[in-house]
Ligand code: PGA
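Only one chain is given next, in structure tokens, and it is the form predicted on its own.
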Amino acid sequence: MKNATLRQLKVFESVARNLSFTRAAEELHLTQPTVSIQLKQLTDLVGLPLLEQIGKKIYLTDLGRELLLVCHDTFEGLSRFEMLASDMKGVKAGKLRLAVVTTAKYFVPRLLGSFYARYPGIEVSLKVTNRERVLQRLADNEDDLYILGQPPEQMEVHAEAFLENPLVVIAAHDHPLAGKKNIPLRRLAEEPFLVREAGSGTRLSAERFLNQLGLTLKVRMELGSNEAIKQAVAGGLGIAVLSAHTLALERNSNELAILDVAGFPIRRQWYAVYPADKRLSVVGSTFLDYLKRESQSVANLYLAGIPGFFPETAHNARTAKNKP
């Protein structure tokens, strides 16, 4: 193994992670024959198979799994060294890998824009997916930071709150409850709800909030995205609880209304999460510091433009005084 090249290890890591020669070739901008040759050379150096193919599927051997762990440690160490060298030169440079839940896509690109302007030498890889997939990536330590509305309870992690994430109730603009003041929660619970898939952070928060008061969501329909929920609400299919961030720059704002409901908005936080035993890279630490320092002022600029949402006068957020 002492003669293995960094290129061969990168090819193996990509094939092992994707379990596909084709996807590895696309990811590395190589031809598939080149990927096969590099992997064969590495296998010859090791003297034992690293992968096995059964039918059309590729599997890692036990030795291959061990080498994949070595690759992760090696690449992470090299990346950390490069970032540290850049930092010591007074230049922030390197690659930042982020994985965020789908609702975070409404504000993370805004934050990245000003972050890029401040640190043009940092390259960012952004993965937007559902909560289940983000948690899987977190368990596999695939990224530097993970942005979630609710940290995982069954994993040992560091979770840094950096931005308020108010949850509001939305309805069609002509809904009978639109314009009503201080709507009781028990009245709200009579309405049909449109929700995300089971396990969604927003859905979990809304269900827990109502369950604490002995109420349950009357689910009419599950939808796979916030955009689909907003369209369905505008179409009169039901009401929904969504993050206020999803309403920023809403093109259909005249079709939707934020309801004035007792106990809402539910005050939550956005969290930057990483494994408890992970040492953040220089770039990761730089971005985390930026989030804690700048995110709220950036968010205030667009949250203030949401019709019917007045975060500074939310009359009953996070109180136990309200009764259903």
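All residue numbers refer to positions in the sequence shown, first residue = 1. Since this is a predicted model, take the numbers as computed values, not measurements.
One more form of this protein should be noted, the form predicted together with 2-phosphoglycolic acid, which is absent from this view; the next part is about it.
- Residues with any non-hydrogen atom within 4.5 angstroms of 2-phosphoglycolic acid in the predicted bound form fall in just one of 154-162, 126-134, 232-240, 170-178: 126-134.
- Under a 4.5 angstroms non-hydrogen atom cutoff, 2-phosphoglycolic acid in the predicted bound form lacks residue 184 among its neighbouring residues.
- Among residues of the shown chain, residue 94 is not one whose heavy atoms approach 2-phosphoglycolic acid to within 4.5 Å in the predicted bound form.
- Put simply, residue 192 is far from 2-phosphoglycolic acid in the predicted bound form: not one heavy atom of it is within 4.5 Å.
- Contact check for residue 166: no non-hydrogen atom falls within 4.5 Å of 2-phosphoglycolic acid in the predicted bound form.
- Contact annotation for 191-207: residues with any non-hydrogen atom within 4.5 angstroms of 2-phosphoglycolic acid in the predicted bound form are 196, 199, 200, 201, 202, listed in sequence order.
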